[in-house]
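Shown below, as structure tokens, is a lone chain in the form predicted on its own; questions about how it binds or moves come after it.
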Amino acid sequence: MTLELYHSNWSICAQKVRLVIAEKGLDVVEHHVDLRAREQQTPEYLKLNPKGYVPTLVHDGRPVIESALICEYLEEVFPDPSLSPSDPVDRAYMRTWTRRPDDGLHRACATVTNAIAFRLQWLEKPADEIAEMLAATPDPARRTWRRAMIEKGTESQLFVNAVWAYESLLGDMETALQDRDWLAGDSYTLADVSLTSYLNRVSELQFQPMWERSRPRVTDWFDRIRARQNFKTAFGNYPYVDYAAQMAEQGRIRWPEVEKILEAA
């Protein structure tokens, strides 16, 4: 049995899969994909993952793509330790959380990250290189999003919507944690895995006041998440110091704008 993981250290989706791998103690052969060098767009990688995203899991030569599906696949093929509730209704409830990233949270996370920090890397490039990148983006919706991130940043309505999406998520989490230790019950499950990297990313952007000021249950949940060994492995073993420093610096600068958005919500 051979497991291979194509991933990037700072990819939100790759972090999610690494949490499951670490929790289950699986041995994998790792292949780091340099996203800035667009290695995910090489013909070799596109044969594994036609969408050109990370991560990709290859199990005995057969690729599995999409981070949520990879996590479910690993849970099915390697059931111990379990990351799913035993009760079918509880498992269905768990999936209401695991689908949140695909229902808009992932785009919200990408929006706040790019609008605050990553756009600065593009603004350092010549205008013709930016235009070339936009022209090479085949999806018109993604092309429009990229343009808004680069040209408008936090002044974009997309950024406002993303902050609201996080505010809604955190409110739902605080409610869910009123009568349970973890999002889907009394044990750590894929529900918790699915949201960890999304809260960690906005924590890197210094958004912690969104939960630390008024959501004690989410605050406690996040503290316990970060204390787990699988978090220390999945995140701590794959540092991205320069990016993290940039996100922290720019996030502190932009936090007053976020506060105004929250006050107007």
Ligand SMILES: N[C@@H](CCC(=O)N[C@@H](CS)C(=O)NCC(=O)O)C(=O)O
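Residue indices: 1-based, along the sequence shown. Just so it is clear, the model here is predicted, and its values are computed rather than measured.
The same protein also has a form predicted together with the named molecule, omitted here; what follows describes it.
For the residues 57, 54, 205, 199, the 4.5 Å heavy atom test against the named molecule in the model of the complex is passed only by 54. For the residues 181, 151, 102, 132, the 4.5 Å heavy atom test against the named molecule in the model of the complex is passed only by 102.
Contact annotation for residue 9: none of its heavy atoms lies within 4.5 Å of the named molecule in the model of the complex. The named molecule is not shown here, and in the model of the complex it never comes within 4.5 Å of any heavy atom of residue 91. Taking the partner from the other structure, the named molecule in the model of the complex has a heavy atom within 4.5 Å of a heavy atom of residue 13. In the model of the complex, the named molecule sits beyond 4.5 Å of every heavy atom of residue 143. Stretch 63-71 is the contacting one of 63-71, 228-236, 205-213, 24-32, since its residues have non-hydrogen atoms within 4.5 Å of the named molecule in the model of the complex. The partner is not shown here, but in the model of the complex the stretch 24-45 reaches within 4.5 angstroms of the named molecule through a heavy atom at 35, 40, 41.
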